[in-house]
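Here we start with a single chain on its own, the form predicted alone, put down as structure tokens.
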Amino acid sequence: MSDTPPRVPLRDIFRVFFTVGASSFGGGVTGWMHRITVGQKGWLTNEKFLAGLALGQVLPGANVSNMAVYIGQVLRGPLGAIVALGAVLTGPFFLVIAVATLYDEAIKIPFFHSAMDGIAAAAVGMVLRMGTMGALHGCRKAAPAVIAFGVFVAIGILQWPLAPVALVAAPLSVALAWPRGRRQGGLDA
């Protein structure tokens, strides 16, 4: 696949992001975005998607909104970013209003809680799939694998606070990934 994304019609961007936003419950939206934009549509390479995911996670705001803006921007520029963000937020906006008005009645339905548990489990599965793919892609060399494992141990097992771990791991990761030697064109890195 070419590193240059295809010029996707705005209606297709709207349709995909509206569908993702309106039918993603309990998280997993970013996983579904990956599945559609990389796997099914081929709009982005895995590398481009993961770069956007990393950017979206360090910027303020919800990851799903950041990813919609990023993907829309990559596919169609500022207008694509606006369309993708509007689409991913439109469905949930109206759905939440509808559910909020019906919530008191919905929780009385016997299978409602089981259905919500099932939806949440599917969302966790999608996030795990995307995380596994990202880890396999990003940890092909020893240094990123060691850093990822170290962050997992520090946060997941030792329960250290995220901020100090990130303040140590992020610069270390950047330093280890920084290009060395000669670049094309003869410039020193």
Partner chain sequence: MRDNPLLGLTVIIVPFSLLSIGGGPSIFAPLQREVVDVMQWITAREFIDLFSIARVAPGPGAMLTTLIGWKVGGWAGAIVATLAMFLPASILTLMVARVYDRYRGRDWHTALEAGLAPVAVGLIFAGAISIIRLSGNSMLTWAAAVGAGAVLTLRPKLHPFVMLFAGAALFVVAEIAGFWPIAAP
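Heads up, when I say rigid core I mean the largest set of C-alphas that superpose within 1.5 Å between the two forms. Positions refer to the first chain, counted from 1. Computed from a prediction, not measured in an experiment: that's the story for all the values here.
There is also a form predicted in complex with its partner chain; it is not shown, and the following applies to it.
> Is residue 85 a contact residue for its partner chain in the model of the complex, using a 4.5 Å heavy atom cut-off?
Residue-level check for residue 85: yes, a contact with its partner chain.
> According to a 4.5 angstroms non-hydrogen atom cut-off, is residue 38 in contact with its partner chain in the model of the complex?
Output for residue 38 is no: heavy atoms all beyond 4.5 Å of its partner chain.
> Heavy atom to heavy atom, is residue 22 within 4.5 Å of its partner chain in the model of the complex?
Close contact exists here: in the model of the complex, residue 22 approaches its partner chain to within 4.5 Å, heavy atoms only.
> Does at least one non-hydrogen atom of residue 10 fall within 4.5 angstroms of its partner chain in the model of the complex?
Answer no; every heavy atom of residue 10 is more than 4.5 Å from its partner chain in the model of the complex.
> Pick out the residues of 87-111 whose heavy atoms come within 4.5 Å of its partner chain in the model of the complex.
Contacts from 87-111: 89, 92, 93, 94, 95, 96, 97, 99, 100, 101, 103, 111.
> Superposed on the rigid core, does the Cα of residue 164 end up 2 angstroms or more away between the shown form and the other one?
The answer is yes, as the C-alpha of residue 164 shifts between the shown form and the other one by 2 Å or more after core alignment.
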